[in-house]
Structures are given as structure tokens and as C-alpha cells.
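This document starts with one chain, in the form predicted on its own, laid out as C-alpha cells.
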Amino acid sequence: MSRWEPNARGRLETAALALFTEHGFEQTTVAEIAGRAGLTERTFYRHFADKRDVLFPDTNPLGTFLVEALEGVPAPAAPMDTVAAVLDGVGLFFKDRWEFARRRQAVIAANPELHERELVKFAFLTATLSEGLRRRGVGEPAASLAAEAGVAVFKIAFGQWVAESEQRDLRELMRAAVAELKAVTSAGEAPG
């Protein structure tokens, strides 16, 4: 193998996801991932601390994208309108990533040990969003409530989006979930 391989990280991610899908997360070794990618284990460890990091990278690109989307929302917007605009931007982040997201989610769903990491990721996203709202002048508890609601909307819409039979795009699903949330929380309206 040569010293330098182009797109090593991407190749490792692709190989890992394929092996996790074929053989299961627990049964897949780092050596197998590196071998499938045509790389060495040492190269794997240059990019990832362990095989879980393939699914949950230390540098969370979604968190970074969320902060950028939040900064792009014109002020002053109501907290939930800000969150809705951020979610719309997050939908763009996932554009053309359906197959990867679907396969990744299937691996996580099949492995209870990965559920905790997924919850930590959602907690990080909630904290990032609530902190961004506070920086925009949204007080408590409104910032935390809006952030929690936004991440709940994302989780529900994302779960629908990665389903095999779903035809709508993530942005459409999140917009529908935000509208439903607003409907069930409107004063004087009964859910249903």
C-alpha cells in the first residue's frame, strides 16, 4: 500500500458502514474495515479513535452546520420560528445523504450499545441550539424549550425520512412536524 491514499477517511467510512450492515457492528473489526478500504489499521486510527467514531465522529459536522444555520437566521425571530428556520437548513445538510443516513440509522437501531451515543449526540445538538438561542437574546426557559422541541422535531422527521417507504424529503417532513407541533401547542386547540 502506498503511504498516502486519497480520501482515506471517506473510504474507511464507506467500508465500515458496508461491513456493519453485512456482518453487524459487534462482529466487525478495525482490521476488516481497514482491509476493505485498502488501508492499514494505523491509517484507520489516524482518523478514528475506535469503530464507534465512524458513526459518531468527534468533530460533529451536523453541530457545526446547526450553528452556521442559526447564525444565518435574521433577527428578531420568535424562538420557534428561529428553530424552524434552522431545521430547514439542517434539511439541506442531509440533501443527497439519504442512503448513508438510512444505513447508519439501521446499524444504530440494531445495536443497543450505540443507542447511548445517539442520545449523547442529540443532547449535544440540544445544548448547541439552546446556547445559540440564548446568544440571540432568548431567555430561559424559552431557549431550552425551543431547542428541545426542535431536536424532537428533527428526531421524529429523521425517523420518518430514513424509512424505506418514505418518499418526502427531510425538509418537507420537518416542516410538517413543526406545523403539527405548533398546532398541538396553540392556545385553545385540542390535539387530534
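So that the term is clear: the rigid core is the largest set of C-alpha atoms that superpose within 1.5 Å between two forms. Don't overthink the numbering: it's just position in the shown sequence, from 1. Please read all numbers here as calculations on a predicted model, not as lab measurements.
What comes next is about the form predicted in complex with a further copy of the same chain, which is not displayed.
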Contact assignment for a further copy of the same chain in the predicted bound form, among A34, A69, A146, L55, heavy atom within 4.5 Å: A146
Region of this chain that lies against a further copy of the same chain in the predicted bound form, out of 25-33, 60-68, 150-158, 41-49 [heavy atom, 4.5 Å]: 150-158
All of L12, A16 and I108 within 4.5 Å of a further copy of the same chain in the predicted bound form, heavy atom check: no
Distance check, P79 to a further copy of the same chain in the predicted bound form, heavy atom within 4.5 Å: yes
4.5 Å heavy atom contact, E99 to a further copy of the same chain in the predicted bound form: no
is_contact(L119, a further copy of the same chain) in the predicted bound form, heavy atom dist at most 4.5 Å: yes
a further copy of the same chain contact in the predicted bound form: P141, any heavy atom under 4.5 Å: yes
Residues of stretch 153-186 in contact with a further copy of the same chain in the predicted bound form (4.5 Å, non-hydrogen atom): V153, K155, I156, Q160, A177, E180, L181, K182, V184, T185
CA of R136, rigid core aligned, shift of 2 Å or more between the shown form and the other one: no
Large Cα move at A49 between the shown form and the other one, threshold 2 Å, rigid core: yes
Did E26 shift 2 Å or more between the shown form and the other one, C-alpha, core superposed: yes
